[in-house]
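A single chain, nothing else alongside it, follows as structure tokens in the form predicted on its own.
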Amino acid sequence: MSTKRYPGRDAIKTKGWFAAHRWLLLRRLSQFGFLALFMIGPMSGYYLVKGSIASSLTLDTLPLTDPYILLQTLAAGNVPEMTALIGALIVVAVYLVVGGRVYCAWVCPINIITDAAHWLRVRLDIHGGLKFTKAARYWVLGMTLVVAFLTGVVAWELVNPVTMIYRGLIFGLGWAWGAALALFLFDLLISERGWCGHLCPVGAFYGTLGKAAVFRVSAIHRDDCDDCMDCYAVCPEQQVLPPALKGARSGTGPVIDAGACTNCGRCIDVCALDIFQFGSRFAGPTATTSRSATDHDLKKAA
């Protein structure tokens, strides 16, 4: 049986190292790819994407706008341009399909930093730390909108670590180094998965947006689960797993439909029994299969 400290050990033995890290590797390629898109222009003079992660224009044609920033802009009493509205609608439409917090796992560069902090925290066997309620990030989200309304300024973007990292990489890191180090040490020493899992208002916004998303992780073979707990060890939002894994008795489907899920795919990677897979949120309570039962039926039929 695997241990919580070294999750995925059995998956590596069963599937091989690359298969047991497939989605993690794809996520890193995606995160660095988005960074590269914004850095190519300033470095080479050839702009595939103009602007920043907050608002951009791809190939001088496709406008994209962060809907959370647009919401702050509206709260501040500013009227955005039509291209900004169109860009925000495009982004909203995409995340309604793939899941709002896909942004956190597949786009946001802060995730690389906080994942590194968690990796080191586990290997240094650091326990405990400051605890936050799951509602804390929604309070922070609300405060950013209230501050924008009271001041008439999108104040959060002045201190948003994501914006600082992007701005720092393009124009010179400066204070961005300090922000990145502060987040790393915060997650390492003060609060386990404290920033992304409990405080970040960006994640709170996209989690709310993604509750109705179509593309989800599903515990399609949950009847084969042996309770090794590897998926819990790697999941940044552990509370989303029990309803999908243990909901058969109550009629709850195998789909992880919680907005907090980031669709990171790590539960798929580390599971030696391949309990999880990506699929549609419309898979209902009966859409589970047990490979052991299926194999038995096939042998019986033969």
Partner chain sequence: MKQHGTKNAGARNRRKFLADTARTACGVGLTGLALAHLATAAKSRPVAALRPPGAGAENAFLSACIRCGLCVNDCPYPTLGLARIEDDVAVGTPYFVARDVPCEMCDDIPCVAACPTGALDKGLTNIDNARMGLAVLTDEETCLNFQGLRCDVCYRVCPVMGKAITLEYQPNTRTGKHASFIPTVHSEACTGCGKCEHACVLEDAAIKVLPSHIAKGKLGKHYRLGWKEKEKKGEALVKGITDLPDRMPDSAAEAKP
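Positions refer to the first chain, counted from 1. Since we're looking at a predicted model, the values are computed, not measured.
Omitted from view is the form predicted together with its partner chain, to which the following refers.
Within 4.5 Å of its partner chain in the model of the complex, a heavy atom is found for every one of Lys50, Leu57 and Val159. Listed residues Arg167, His221, Lys211, His118 were compared with its partner chain in the model of the complex; Arg167 is the one with a heavy atom within 4.5 Å. Proximity to its partner chain in the model of the complex, defined as a heavy atom within 4.5 Å, singles out one entry of Met229, Ile112, Ala76, Leu96, which is Ala76. Heavy atoms within 4.5 Å of its partner chain in the model of the complex map, among the stretches 28-36, 42-50, 262-270, 229-237, onto 42-50 alone. Among heavy atoms of Arg123, none comes within 4.5 Å of its partner chain in the model of the complex. In the model of the complex, none of the heavy atoms of Leu185 sits within 4.5 Å of a heavy atom of its partner chain. Taking non-hydrogen atoms only, Met143 approaches its partner chain to within 4.5 angstroms in the model of the complex. Although the partner is absent here, Ile90 lies well away from its partner chain in the model of the complex, with no heavy atom inside 4.5 Å. Annotation for 148-163: interface residues with its partner chain in the model of the complex are Thr151, Gly152, Val153, Val154, Ala155, Trp156, Glu157, Leu158, Val159 [heavy atom within 4.5 Å].
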